[in-house]
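Just the one chain here, the form predicted on its own, laid out as structure tokens.
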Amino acid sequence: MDFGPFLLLASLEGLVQAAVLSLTALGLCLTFGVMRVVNVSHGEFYMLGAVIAWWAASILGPKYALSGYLIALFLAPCIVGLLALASERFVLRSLNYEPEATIVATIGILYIIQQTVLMSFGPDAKPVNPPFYFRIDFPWFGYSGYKLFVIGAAIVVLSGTWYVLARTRVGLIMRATQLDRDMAQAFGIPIKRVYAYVFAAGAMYAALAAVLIVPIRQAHYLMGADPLLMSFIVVIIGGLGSVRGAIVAAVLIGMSDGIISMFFSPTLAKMVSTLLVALVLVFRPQGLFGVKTS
């Protein structure tokens, strides 16, 4: 394959990674931006979404792959969101959202989810059949229609999120809570309820991203580590708490990761991402779109 078509193929793979990474990082960004909580268990919420998708697909079987997938698209974010609500209510809220304490607590949640899934799901990776099969024929190669669906689905979800945050009362409440918690509470905004819903929403984004990607990859009880690391990289580069920065950084990192992985190696792609984080921390500690604090 010539360089041009190969670059196009690598760019499409990068867009798929960017689409999934943007959803995962968006959940982490919302949690930190509004609550100032570093959720180390975010990757396990992602993993749990993939496992639930496998469970739904295995119950219905390959004959009903589309039905199982649609059920998983609804069920996985709901179950993970309820688990996140319980974690916020009984763990984070009791710690009064103290930064150091919540980091330790979410590490504990991470191991609880991971070991529970290991005991019930097993140590082996398990595939999930795509809900549909078709190929888009380019002049040089054919490309998976499902991967293009993943890109389109991410765009729809991100557009809906932007509308909610920028144009609705819910978004106004979240932005007010993010800017000044005490003032928002003085105006009657139920801060703890906002925190609970934001923490649940962040976990639901991770679960949704996992359902989208699991037919391309496989469900495994250790699959949450890499999305967590990449999400932290994206949030740091984009700016802590900046949704716009998280999306832009996710596209940059996802595209570079996909292209470098195809032309060179995945290891080099991770090295480049880590180098970008180091450069941002040195030359622009607040991130590309973060606000510099005095």
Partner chain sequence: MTDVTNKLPNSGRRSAIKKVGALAVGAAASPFIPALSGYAFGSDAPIKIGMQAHRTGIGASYGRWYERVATATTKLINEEGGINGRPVELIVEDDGTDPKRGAEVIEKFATLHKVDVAYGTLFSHVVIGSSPRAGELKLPYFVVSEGHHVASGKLNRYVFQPGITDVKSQVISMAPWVSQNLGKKVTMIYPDFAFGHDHRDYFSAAMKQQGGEVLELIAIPPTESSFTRYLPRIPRQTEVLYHVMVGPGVLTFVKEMGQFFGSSRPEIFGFIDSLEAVDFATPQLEFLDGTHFWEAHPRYAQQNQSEFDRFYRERVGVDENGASIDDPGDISTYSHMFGCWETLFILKQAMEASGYKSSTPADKQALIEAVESMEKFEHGRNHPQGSKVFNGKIHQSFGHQHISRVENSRLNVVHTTSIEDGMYEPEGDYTQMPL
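Residue numbers count along the first chain shown, from 1. For clarity, every value in this text was computed on a predicted model and none was experimentally measured.
What follows is about the form predicted together with the partner chain, which we do not show.
Residue contact check for P99: none of its heavy atoms lie within 4.5 Å of the partner chain in the predicted complex. Using a 4.5 angstroms limit between non-hydrogen atoms, Y221 touches the partner chain in the predicted complex. In the predicted complex, the partner chain sits beyond 4.5 Å of every heavy atom of G61. Contact check for Y197: no non-hydrogen atom falls within 4.5 Å of the partner chain in the predicted complex. Only one segment in the set 87-95, 69-77, 163-171, 132-140 has any non-hydrogen atom within 4.5 angstroms of the partner chain in the predicted complex, and it is 132-140.
The listed set L118, I112, V104, I151 contains one residue whose heavy atoms approach the partner chain in the predicted complex to within 4.5 Å, identified as L118. Here is the short version: of A65, L252, M262, V38, the single residue with a heavy atom within 4.5 Å of the partner chain in the predicted complex is M262. Residues from 107-124 that approach the partner chain in the predicted complex with a non-hydrogen atom closer than or equal to 4.5 Å are L118, P123, D124, in the order they occur in the chain.
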